[in-house]
Structures are given as structure tokens and as C-alpha cells.
Ligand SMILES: NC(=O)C1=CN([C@@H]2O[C@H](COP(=O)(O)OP(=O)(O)OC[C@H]3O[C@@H](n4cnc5c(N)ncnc54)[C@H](OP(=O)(O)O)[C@@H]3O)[C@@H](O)[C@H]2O)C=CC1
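Heads up, the chain below is alone and in the form predicted alone; it's given as C-alpha cells.
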Amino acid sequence: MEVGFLGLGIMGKAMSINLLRRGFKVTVWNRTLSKCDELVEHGASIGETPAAVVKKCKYTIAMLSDPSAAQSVVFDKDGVLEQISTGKGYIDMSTVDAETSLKISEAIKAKGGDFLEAPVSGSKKPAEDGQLVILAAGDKALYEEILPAFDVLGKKSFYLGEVGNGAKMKLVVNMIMGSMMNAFSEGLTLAERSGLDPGTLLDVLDLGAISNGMFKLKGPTMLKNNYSPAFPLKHQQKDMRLALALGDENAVPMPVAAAANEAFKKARSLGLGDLDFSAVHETLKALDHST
């Protein structure tokens, strides 16, 4: 199977390499074209524009940073819309709001193409290991056709029905994750300030009912002040904002998520946006506790 891949950030690069390793022919594009060079070493071809990639490939996957980037690649000059046509499928795996997915879907369908939104749950390491959870919605036939690629990229794929449902599910998941990360950061800081060993707290949490993969993965690195970005904080804050907007639409009170969003905004104001989302922990350290 030959696929196009648009966007070679932390996630897209790892996903593209997995496809190449598993025998897929992959044509890649990135806004900064030099980022494609490493993929060429793994056997990829380069498309000069998103339109060129779509022209060459029956299936094109996009993994972009936010709604603005997702729309730009589709609607701008030399974008996806210039070459999408009947018999071609476009799979957007970016994390965006449902409105953005619907706008892209309508434009693709108007040109005769098929569309699937397929945001993923998971960050850098799951992407590298092919262990993402894929939340797909849209054209069912396209979902079934692209499953061989999804099986390489993820450990499980869900088909969630109409376009918009994938985006909503991803925002709910990331909203919970962001809220948990703030509670976790507060707990680590409270333990330390109370004279407890935060490392022992990690052991206690891991043995209890609230044990989870995120605490186990992020806790040790947070205690070492290591915030190498697996999932950049600025993207987590974007997802919190989009989730809160979804809450507004559905009249769901979300005080915990709103407070978490403010903490991520504080972290961005401290210049931590490009670090891992666990760097929200630093906002607590930044508080004056000399009194």
C-alpha cells in the first residue's frame, strides 16, 4: 500500500517511520522540507506540496499541530483540495475540534474524495512503538481500507460513526488527562513540601486503585525536572481550550478542567509551552513559598 503523509512533527515522524519499516511506500511532506531528509533515509519519497502528495497517493494521512494548521494544508494554495478527487481518501489524524473536522470533510467530499478523521490517544513513545489508540469517524469504507496502516500505527482502532465524534472523543480524553496531570503535580509538590519523599508517593500510587500509565511514565521524569517534549504543553492547553468550548456547547459544567486550563496557561506565560505538558509542575515550583 502507498500512502502520503503530511506533517513530520514528534508524532508524524514516528508514525511515518513505522509505516516505512512495515513495507508501506510513503511520500512525505512537511512545511519545513528539511525535516523530510531523515525519512528519505528510511526509504520515503518527498512531495514538494500537499497537493503533490495527494496527486501521487490514493490515501493521504495528515498529522498536524492544531485546527489552523489542519485547515491550512487543505485550503491554502497547493493544498489538498487542489488534487483530491473521486477514488482518493484523506485521513486527518490531527487533534482538532469537531467544527474543523466537519469543514474539512465537507470540502473533501465536495471534490468527490472520501474523508476520515482519526485523532489518536498517545504521545511520542506510543507513536514510536506503534501503540497509539486511533479514534476514527467518517467514511466507513475508507476506515476499512486504511485499517492495514492503522494496525501498524496503533494497538487498537475505534470506529465512532459520523465525522466530529472522533474529535470530540479525543478532546474528552485529553481534557481528563490534563486535569489529572494538574492534580498529580499538586500531589507531588504537596508531598515534598510536607517533608515526604515524592518517590515513595509514586510507589504508593502505583500500588493503589488510581495507578495508571501516565503517573508511572511521567512521575520519575518530573522528579528529575526532565520535561523533554513527548506531548508539548502548548498543545495540551489548546486541547483544554477546545474541550471547554465543547463543554459550553453542551452546557456541561467543567470547573476542574477550567482550573487545569488556567494552570497550563500560566505555564505558557512562563515560557514552558514547548516543553512536555508535565512541565505544568513547574508552575507550582514558581510560586513564592519563602514565607
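So that there is no doubt, residue numbering starts at 1 and follows the sequence shown. As the structure is a prediction and not an experimental result, all values here were calculated from the model.
The protein also exists as the form predicted in complex with the named molecule; that form is not presented, and the subsequent description refers to it.
- Note that among 87-95, 150-158, 202-210, 184-192, the stretch whose heavy atoms approach the named molecule to within 4.5 Å in the predicted complex is 87-95.
- Residue contact with the named molecule in the predicted complex: Met11 places a heavy atom within 4.5 Å of it.
- Although the partner is absent from this view, Ala258 stays clear of the named molecule in the predicted complex, with no non-hydrogen atom inside 4.5 angstroms.
- Although the partner is absent here, His42 is not a contact residue: none of its heavy atoms lies within 4.5 angstroms of the named molecule in the predicted complex.
- Remark: Met63 counts among the residues lining the named molecule in the predicted complex, judged by a heavy atom distance of 4.5 Å or less.
- A heavy atom within 4.5 Å of the named molecule in the predicted complex is found for exactly one of Ala51, Ala263, Ala230, Met222: Ala230.
- In the predicted complex, the named molecule lies within 4.5 angstroms of at least one heavy atom of each of the following residues of 10-46: Ile10, Met11, Gly12, Trp29, Asn30, Arg31, Thr32, Lys35, in sequence order.
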